[in-house]
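As C-alpha cells, one chain now follows by itself in the form predicted on its own.
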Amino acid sequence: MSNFRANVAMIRALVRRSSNELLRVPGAAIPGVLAPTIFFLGITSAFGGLTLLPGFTTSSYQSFVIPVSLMQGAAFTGAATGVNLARDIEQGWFDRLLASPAPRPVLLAGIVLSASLRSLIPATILLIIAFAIGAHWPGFLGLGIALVVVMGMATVAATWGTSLAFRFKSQSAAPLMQAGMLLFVFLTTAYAPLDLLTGWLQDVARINPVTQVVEAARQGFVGGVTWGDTWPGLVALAGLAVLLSAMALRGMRRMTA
C-alpha cells in the first residue's frame, strides 16, 4: 500500500510540474491551439463545398473536419511533451528522476498523463470555435467520446514523443515528433469519407489505425453514436499506446544501462 501511495504521489507531482510550467509560460500552449485552429478555419473555408459531392455523409463540413482538428491538437500536445522531456534530458533534470526509487512505468505514466490532461485545452477552444461557426452539436455522449479519444490520442502522441526523446536525447528531434503523428492523422478520412478517396490515399486510410480513431471521434458530429463505431477506435488507441509505451520504456531503461 505504501508503494502504491508513493507511485501515485510521483505521478501527481509530475502532472503538477507540467501544469506549473504551463502557468509560468502560457505561451507554450499557443502552438497546440493556433495550428489546429488555423487548419480548421482554412480547410472549412476552402473545401466546404465538398459536402455537395454525391455520397458525402454530412451537409456541414465544419462537423466533418472538427474531429480531425481535435486529433491534430492532441498530436501537438503530445509532441510538446516529448520536446519538454528532451529539454529535461539535455539539462540533466531527468537524471534525478532516474536516480529516484520510482519504477520506470510510473515516471512514464506521470509524463504521459500530463499530456493527456493538457490536450483538453486546445480541444475546448476548437470546439467553441467550431460550434460558433456551424458545427453540429454531437450530444453529450458524442462529445464525451470525442474528448476521451482526444485524451487517448494525446497519450499515443506523448509516448511517441518520449520514445524519440529517449533515443535522441535532444530537442532537435522535435520535427520528427510532430511530423510522425501528423502524418498518421492526415492520412485518414481527414478530408472526405473513405469511399470518396481515391488511389493510394484511400489504400493508406483503409489500413491506417488512426482512421478508426478519427471515425470514433466523428460520431455525433456526423451521424449517430454507436458502439460499433466506437470500439474500433478505442482498440486502435489502446494498441498504439501499448506499443509506443513499450518503446518509450525500453529507451528509458537504456538511459540507465
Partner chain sequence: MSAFAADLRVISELGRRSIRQTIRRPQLSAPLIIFPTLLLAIQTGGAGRAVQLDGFPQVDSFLQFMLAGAMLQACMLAGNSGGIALAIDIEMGFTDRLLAAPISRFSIVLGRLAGTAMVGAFTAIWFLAIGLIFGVPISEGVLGVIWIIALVAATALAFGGIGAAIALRSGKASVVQGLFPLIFVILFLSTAFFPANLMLAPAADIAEYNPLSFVVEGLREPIVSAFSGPDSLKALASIGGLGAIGFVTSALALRGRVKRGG
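This one's a predicted model, so the numbers in the text were calculated from it and none came from an experiment. Residue numbers count along the first chain shown, from 1.
Below, we refer to the form predicted together with the partner chain, which is not included among the displayed structures.
Visitor: Can you work out which of A109, M151, L127, L182 has a heavy atom no more than 4.5 Å from the partner chain in the model of the complex?
Guide: The residue from A109, M151, L127, L182 that makes the contact is L182.
Visitor: Heavy atom within 4.5 Å of the partner chain in the model of the complex: which of A29, V222, A205, L50?
Guide: It is L50 that has a heavy atom within 4.5 Å of the partner.
Visitor: Although the partner isn't part of this model, could you tell me whether F168 comes within 4.5 Å of the partner chain in the model of the complex, counting any heavy atom of the residue?
Guide: Residue-level check for F168: no, no contact with the partner chain.
Visitor: D195: heavy atom within 4.5 Å of the partner chain in the model of the complex?
Guide: Yes, D195 lies within 4.5 Å of the partner chain in the model of the complex.
Visitor: Does any part of G42 reach within 4.5 Å of the partner chain in the model of the complex? Heavy atoms only, please.
Guide: Because a heavy atom of G42 falls inside 4.5 Å of the partner chain in the model of the complex, the answer is yes.
Visitor: For W200, is any heavy atom within 4.5 Å of the partner chain in the model of the complex, or not?
Guide: Heavy-atom contact with the partner chain at 4.5 Å: present for W200.
Visitor: Which is the contacting stretch out of 182-190, 139-147, 114-122, 155-163, given heavy atoms within 4.5 Å of the partner chain in the model of the complex?
Guide: In short, 182-190.
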